[in-house]
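The data below hold one chain only, encoded as structure tokens and taken in the form predicted alone.
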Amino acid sequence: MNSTPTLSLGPATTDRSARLRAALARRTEWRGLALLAVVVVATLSFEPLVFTAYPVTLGRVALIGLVALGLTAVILMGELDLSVASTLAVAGVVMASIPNVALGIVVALCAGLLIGLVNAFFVVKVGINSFIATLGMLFVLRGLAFVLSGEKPVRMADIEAGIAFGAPIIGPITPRVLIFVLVFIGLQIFVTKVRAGREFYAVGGNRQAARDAGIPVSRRLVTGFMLSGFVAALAGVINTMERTAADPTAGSTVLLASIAAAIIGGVALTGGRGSIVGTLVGALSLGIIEVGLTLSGVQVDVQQIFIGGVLLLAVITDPASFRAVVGNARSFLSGRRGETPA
């Protein structure tokens, strides 16, 4: 009697499949990649000019992405820095107020580091929640930007240097885009290859366990906030150089977009999960959305509604949030059925 042979997977194949599933489960960029695919298809259909206006699109992606990359360093540890937009504005005003361009850049970047250090002091030493501490700093720095600028834009003394900085280097690649790429590479190496950067995940995943393992949690938090402040100040310097003037209201729309880019890219607000690559993917999506809406004539206020909606969608589709929503729904339905009279 003939029997049909059955195909069975060997132990090696099963192990490889298990490892592949585990590796995919650890990745957090899938939501960002899915959104990016949808955004690209929709933009090609409704506003294809976005993909021909390379300087505009890449410039917007670089501005959102630069701030978001620095912010990611803080969020990975379960903290938040709401002062990044105001840091951008203050750094730009400081830089434009100094006649010597090189000195202005150095002072502005040092101001960003100082702001990050002050944020870290309130969070680490004083024990204030990072949301409250950096929210207060947001208002302080925004007021400081208006005071330093006299409530009006500050023009650079060396306008020619700003114009030269904004000129493309190769094709649509401007210094802003090049700096963004370099910061991305640097932070990616830092959080994946350098011990101090890898410890950001441990601090965000379980702070007490990180302390028990001998990780200097306070030092890592200080490093993260200073990185965030420095990168935000760098974005302010770049923005001022390209515009040849500093605006005290600069960055007003960057905060929401930068947080959204990190979350869309899979960075968990609770810390311990996410990646620099994911933030890059999220910044690409939001940059394309903003430029597409702008070219379509959509006002900035309405654009914020779109970004807020995308952010809510990203939070809802997070696996942990989705499981919590499903669990709450099941509990609610079970309770309703229990209350139904027999």
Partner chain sequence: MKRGTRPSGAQTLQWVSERGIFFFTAALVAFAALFIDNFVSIVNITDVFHRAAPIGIVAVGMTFVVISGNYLDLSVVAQVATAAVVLIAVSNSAGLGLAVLAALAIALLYGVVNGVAVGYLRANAVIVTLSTTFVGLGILRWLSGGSIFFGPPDGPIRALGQVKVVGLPLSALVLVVMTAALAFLLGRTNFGFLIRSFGSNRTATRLAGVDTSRVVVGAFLITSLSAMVAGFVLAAFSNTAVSTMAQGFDFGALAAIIIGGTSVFGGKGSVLRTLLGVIFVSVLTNILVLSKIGFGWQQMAIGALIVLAVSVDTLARKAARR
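Numbering follows the first chain given and starts at 1. Predicted, not measured: the structure shown is a model, and the values here were computed from it.
If you look for the form predicted together with its partner chain, you will not find it shown, but the lines that follow are about it.
Using a 4.5 Å heavy atom cutoff, none of 99, 105 and 171 lies near its partner chain in the predicted bound form. Contact annotation for residue 151: at least one heavy atom lies within 4.5 Å of its partner chain in the predicted bound form.
Proximity of residue 113 to its partner chain in the predicted bound form falls outside the 4.5 Å heavy atom cutoff.
Using a 4.5 angstroms limit between non-hydrogen atoms, residue 163 is distant from its partner chain in the predicted bound form. Shown alone here, residue 259 lies within 4.5 Å of its partner chain in the predicted bound form, counting heavy atoms only.
In summary, the region of this chain contacting its partner chain in the predicted bound form, judged by heavy atoms within 4.5 Å and restricted to 91 to 99, 172 to 180, 126 to 134, 233 to 241, corresponds to 126 to 134. Among the residues 187, 109, 82, 222, the one placing a heavy atom within 4.5 Å of its partner chain in the predicted bound form is 82. Contact with its partner chain in the predicted bound form, defined as a heavy atom within 4.5 Å, holds for exactly one of 49, 42, 34, 312, namely 312. Along 185 to 216, no residue reaches a heavy atom to within 4.5 Å of its partner chain in the predicted bound form.
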